[in-house]
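One chain is shown next in structure tokens, namely the form predicted on its own.
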């Protein structure tokens, strides 16, 4: 690995070039972590010009939606009344690990970004939302204390524990939890930037987005745009798993090819049949298409998928895509907040039908039922959980249509039943687990 800084000129640190990694170059946090961090990255810059810098950099959110970050910052800043900023590290997606890695490895970089965002929108309260029991919590709490002792906290940061639920990181659920309630999503409008934590305008940013802000504030928009594409600049953390030799989180520039990304994860260990993009609210692509398309939303969205929060799962040819989808659909149905009909009734019915389709000799009407119930669920939920689940399911019906044909004839192409997609142990947690 190259040194983070190439040279020192007149006592000031010069930024690195376009090499990778960017986010994870500094030594891991530990005793004296703040000193190591400042030695590596330099002092925390002013947040006064952050919105303009982020706008010029073209940074988009790394939490899934990909919304322009500067626009979110500017909207909350314009509210001008006791605003709130929350760093979202509530990573409930089972196939993701990037937020945990950032919080565990470079907590001060995330806290820098949180401080800069809070200064930019003149926030009166600042929070960091992290899953309860996360292995990153001890180091993160130590980093917050270290910054307070050093007088580096421009605004006091309070850590709020998120329940280990899939939906707990959804921004309206996050707002409810930070406000003292359960981490249950709510119907919108109002959006959280209008009425968020305790009814105040709230900026919610994923922790990777905050870390990118901290880099942009130091090195500038031109440096940030040295990697990525013209329309989607910068780098992104990808959680790569499935049929690869070394599943891991990888930082790569947006627009990287899938073969290059899989190579960075040790390379393929089997022939692929499909690739899941964006996690369990994302979608499947056939392997031939995925291997030919760069990892950029401009290329992926016309195919019905997106980068989301950077989840990439390579499905080997010897696995059953329908069985994998059915397992995840059951998990998503169990993880719903059950606050509305689509989640309470629709998602379990879809999951049941997928379980039937994943076995030999399903009723030939099963696919039509799934499509019909998906149409009844989409766009009718109290939050976007039904929409994301339907997107995932419909992509499976398209990509694994031939497999469904085989199942209807009593056959399955899979030669193994080894699970590929990670799914937590089944069971519906008690309502108190939403806190």
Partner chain sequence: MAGTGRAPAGKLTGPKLRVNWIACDGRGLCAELLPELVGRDEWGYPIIADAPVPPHLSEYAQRAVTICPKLALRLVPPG
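Positions refer to the first chain, counted from 1. All of these numbers come straight from a predicted model, not from anything done at the bench.
Keep in mind the form predicted in complex with its partner chain is missing from the figure; the text below concerns it.
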Original post:
in the predicted bound form, which of the listed residues (340, 275, 100, 328) lies with a heavy atom within 4.5 Å of its partner chain?
Top reply: 340
**OP:** Consider the chain as shown here, without its partner, and state which of 92, 201, 346, 228 has a heavy atom within 4.5 Å of its partner chain in the predicted bound form.
**Re:** 346
Subject >> Contact of residue 36 with its partner chain in the predicted bound form (heavy atom, 4.5 Å) >> reply: no
Original post:
Closest heavy atom of residue 373 to its partner chain in the predicted bound form, within 4.5 Å or not?
Top reply: yes
Original post:
Counting only non-hydrogen atoms and a 4.5 angstroms cut-off, does residue 316 reach its partner chain in the predicted bound form?
Top reply: no
Original post:
Does residue 302 reach its partner chain in the predicted bound form if we count a contact as any heavy atom within 4.5 Å?
Top reply: no
Subject >> One stretch from 141 to 149, 217 to 225, 253 to 261, 180 to 188 that, in the predicted bound form, holds residues within 4.5 Å of its partner chain by heavy atom >> reply: 180 to 188
Subject >> Residues from 371 to 397 in contact with its partner chain (non-hydrogen atom within 4.5 Å) in the predicted bound form >> reply: 372, 373, 376, 379, 380, 381, 382
